[in-house]
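Read the single chain below, which is given as structure tokens and is the form predicted alone.
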């Protein structure tokens, strides 16, 4: 006989700022104090089982009462782990209880540890340069599934995750409520306690959701995937641009900057560099024309090899492109995708380990340490 669905909320899914209210509604006394202790245990201390909560100081009788009203236990299973040759990057394949697999990538930079987390299994955006987009959307992750990746990563590396980027599998704003709830749990004093300025949401440019964040005063850092300031090119490589056209996207970004002031003083536009597609003078001029009046940083990402129809740029091409971008008068950064030789770079996450051999001219050194060495 099939068991009825368990509709008890999972403790890791409840936003930390609403946990006290949930406990009070369930009949618990001193709900505020219990919510703080429980939130610290679940999130910052990384409890995964009821026994772990006991070790964190949640008493036996309280745990018994909690188990009657709430679910708790692992939401993810680590089914694969790989360390890149650079020794700074590690990737985990994490199986959801419904069978889908998502990935998380940790990047170490001195004492800081950045974790790239997924918000969906697969992705509906179908960007032509991204391996995840070829999977299609399988399902959204819950807030707890998103943040439990932090717990597994911290246990594996034996260090605290200091920075979170929502740049893994999926479009974060396509799973809006779960993404924002995850941000709350990552930032809250009774959650992981990660500073707001160290949490970044990356979006392909969902205009309605960007405007919703602005209207509701959500001050999370946001990076916008632009990849071209020519609508025709953008539609070619990003189908979502057909329903979220460039003029509307730029207007939404302007509105956000005006509304949030110093919290959105600069917007970072991400720009995957694709030779023969979006690196010529026409595209440079379009950036200056379409983004006039916006305070922005251009984050150039040399395309990372997948099975897509593009070619990764060599360092000479990247240097030439960024040199021509100087005439825009905006800060230009080149992002080195750590671990891309081992399928851990931007756009390479596809619920499996992808090892690729770079083509001739592929840039393998971090920008700022440019070299003519090619793989």
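Positions refer to the first chain, counted from 1. Computed from a predicted structure; not experimentally measured.
The form predicted in complex with a small molecule exists for this protein as well; it is not shown, and the discussion that follows is about that form.
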I need to confirm a contact call. Of 121, 153, 272, 183, which residue comes within 4.5 Å of the small molecule in the predicted complex, counting heavy atoms only?
272
Contact with the small molecule in the predicted complex, heavy atom within 4.5 Å, among 179, 228, 147, 203 goes to 203
To test your reading of this chain, name the stretch in 211-219, 160-168, 190-198, 79-87 whose heavy atoms come within 4.5 Å of the small molecule in the predicted complex.
160-168
Non-hydrogen atom within 4.5 angstroms of the small molecule in the predicted complex for each of 129, 172 and 301
yes
